[in-house]
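Take a look at this single chain, the form predicted alone, given in structure tokens.
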Amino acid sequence: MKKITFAEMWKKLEKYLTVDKALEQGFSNGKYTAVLAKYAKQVVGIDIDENFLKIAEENLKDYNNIELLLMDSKKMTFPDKSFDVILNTSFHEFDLSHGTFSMNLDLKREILEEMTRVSDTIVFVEPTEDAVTNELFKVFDPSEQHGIRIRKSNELIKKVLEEKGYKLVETGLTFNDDGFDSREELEEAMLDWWADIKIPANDEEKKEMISQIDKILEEAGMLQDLHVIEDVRYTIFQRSN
């Protein structure tokens, strides 16, 4: 399957996201909330992390069609069929724990069932099983197996949504390409990306973590040209009224 750019992906998703009311689950820093707000007349974003709420509120302060709420995705307080579409870019991490690898598929099923309650169109945008970021994540949490988490999550999504009468209407591959001006800038960015998981305790640990990051990126051929490229899959499920 040919990979397209992120811009091309959003163009393909435009017909699903151009709606009156959209929900984003897990807004994080608001990066994708801002994109969604270009298409939907009204966007409601939910997350359970108060720190993310503060960050996203600052990043999105110039938007007048976005409402951000602290809310658990498995216990949403919205009425049935409140939204024309749901955008979820982090479903695989909704049961993420640190220190010991585990998966809570029951929790994820609850979340999916809640999603089917509030919308008939659901869009997922997530890393592929073999994305380089899955290996980079292990630098910050060696117990984590992101590839397995993503595969199991996708299997559950397909199973639950088919049970609920949804059909996969479109899927494809894209990539997120982040370029840097220097090796030092790249390394600092990698440490910052996962600072919510682990911050180096001292200079010695920081050096070791950077060494691991460099090795992963070098093996992937990304350290030389200072571009970190994450492969991403998008999927759209719809249920007929």
Ligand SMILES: C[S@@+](CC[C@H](N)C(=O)[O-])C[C@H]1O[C@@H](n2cnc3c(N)ncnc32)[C@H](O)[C@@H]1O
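So that there is no doubt, residue numbering starts at 1 and follows the sequence shown. Quantities reported herein were computed from a predicted structural model and do not represent experimental measurements.
Missing here is the form predicted together with this ligand; even so, the following discussion is about that form.
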Legend entry - Stretch from 162-170, 91-99, 114-122, 147-155 whose residues place a heavy atom within 4.5 Å of this ligand in the predicted bound form: 91-99
Legend entry - K31, heavy atom within 4.5 angstroms of this ligand in the predicted bound form: yes
Legend entry - this ligand contact at F52 in the predicted bound form, heavy atom, 4.5 Å: yes
Legend entry - this ligand contact in the predicted bound form: D72, any heavy atom under 4.5 Å: yes
Legend entry - in the predicted bound form, A189 touching this ligand (heavy atom, 4.5 Å): no
